[in-house]
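What follows is a single chain, given as structure tokens, in the form predicted alone.
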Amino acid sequence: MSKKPKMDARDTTGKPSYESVLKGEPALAEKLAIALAHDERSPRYTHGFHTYPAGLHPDAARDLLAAFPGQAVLDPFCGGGTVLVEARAAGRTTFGRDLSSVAMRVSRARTMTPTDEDLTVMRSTARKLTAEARACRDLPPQPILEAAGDWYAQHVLQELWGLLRGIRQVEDLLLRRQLEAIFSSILVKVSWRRSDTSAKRVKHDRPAGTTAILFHKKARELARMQIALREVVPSGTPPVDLALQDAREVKLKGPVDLVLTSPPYPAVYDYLPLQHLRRIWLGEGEGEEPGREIGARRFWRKSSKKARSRWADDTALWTAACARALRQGGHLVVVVGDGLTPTGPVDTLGASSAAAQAAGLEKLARASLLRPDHARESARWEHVLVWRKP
């Protein structure tokens, strides 16, 4: 799409859009449109603790959960855990699955609700590690230095190594996981990488000592956020069931009432390689295969025709797996956007609908918004699609 269409007077309030299409059950379609249009920052609970590319808006997750009753919820592309956090806050039994070990680490930290005693220990340990890191003059081991050394100033490398070395000595597993998630949250921020979604190098001056101090600040921030989440999670709500698992092969011990997910938009990101720095420092991704990603942008660079076919096949596989995981009468709710490529847009609506039909699901409603994509000076359709298992 080379030029921007004119604004549509029917815009849903919230995120700017050029055009909207609502189909199926009218009342449900309207709810879907409102959920998809959310745009304002939502700082509640643990949202925003750790950046994660292309996460679902928290208000969209909240509204979509509220629209579909039932206890058990699965997100097979859980990413940073937005759906999982909102499901816990709603008192739901929740399952999170993803191909990425970084997603597991981030989702675990965002959904945890530690006791005051545990949080006191976490904060005090973080304070001790901060002091040790500020005094550290050792560089990280050669494998880390060779793979990531060019992304950091020397004193930042020293402070990061001081932090990680101390974290590795923590014996309590849950505490160590908390501290690793905090460490992970600062790795890109203190680097010369532009952002979590851009590998462009942008050098900047970070005063000595501020990397360690940022770690301590993030520890206090996470503790405050986890307390806020704990205050709203109903008593008796189980912890989130998290596991590294391919969405195309999802298997659960019992059926769920709702699958709510936002799969990768085709040709937008290379999700696993985006975590390059975290994989180096924390040993993330051992055994993970970037070639197993769904819709990775690099696939389109090789062959657009093959990438489109592959994306449709993958969509059919994970949709069928989710349909099998649903109880009868359960719902599959998908938030997905079209891909934008040099050879034209990638139609996610058609492929998603065909996959659901092949899986034996009944379509109930959809809402679609045509949105500006400023990075590509174009526009893309985004959809919320709902099916029911007969």
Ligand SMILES: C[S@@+](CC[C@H](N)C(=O)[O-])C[C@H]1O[C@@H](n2cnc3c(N)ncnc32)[C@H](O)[C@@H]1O
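Given the structure is predicted, the values throughout are model-derived calculations rather than measurements. Residue numbers run from 1 along the displayed sequence.
Form predicted in complex with the ligand: not shown, discussed below.
Undergrad: Each of Ala54, Ser100 and Tyr271 within 4.5 Å of the ligand in the predicted bound form, by any heavy atom, yes or no?
TA: Every residue of the spot touches the ligand in the predicted bound form.
Undergrad: Closest heavy atom of Arg248 to the ligand in the predicted bound form, within 4.5 Å or not?
TA: The answer is yes: Arg248 has a heavy atom within 4.5 Å of the ligand.
Undergrad: Taking the ligand as it sits in the predicted bound form, is Gly81 near enough to touch it, meaning that at least one heavy atom pair lies within 4.5 angstroms?
TA: Output for Gly81 is yes: heavy atoms within 4.5 Å of the ligand.
Undergrad: Although the partner isn't part of this model, could you tell me whether Val156 comes within 4.5 Å of the ligand in the predicted bound form, counting any heavy atom of the residue?
TA: Answer no; every heavy atom of Val156 is more than 4.5 Å from the ligand in the predicted bound form.
Undergrad: Find out whether any non-hydrogen atom of Phe77 is located within 4.5 angstroms of the ligand in the predicted bound form, and reply yes or no.
TA: Yes - in the predicted bound form, heavy atoms of Phe77 and the ligand come within 4.5 Å of each other.
Undergrad: Just one stretch in 185-193, 222-230, 258-266, 160-168 has heavy atoms within 4.5 Å of the ligand in the predicted bound form, so which one is it?
TA: Heavy-atom contact with the partner occurs in 258-266.
Undergrad: Only one of Lys306, Arg292, Arg127, Lys217 has a non-hydrogen atom within 4.5 angstroms of the ligand in the predicted bound form; which is it?
TA: Residue within 4.5 Å of the partner: Arg292.
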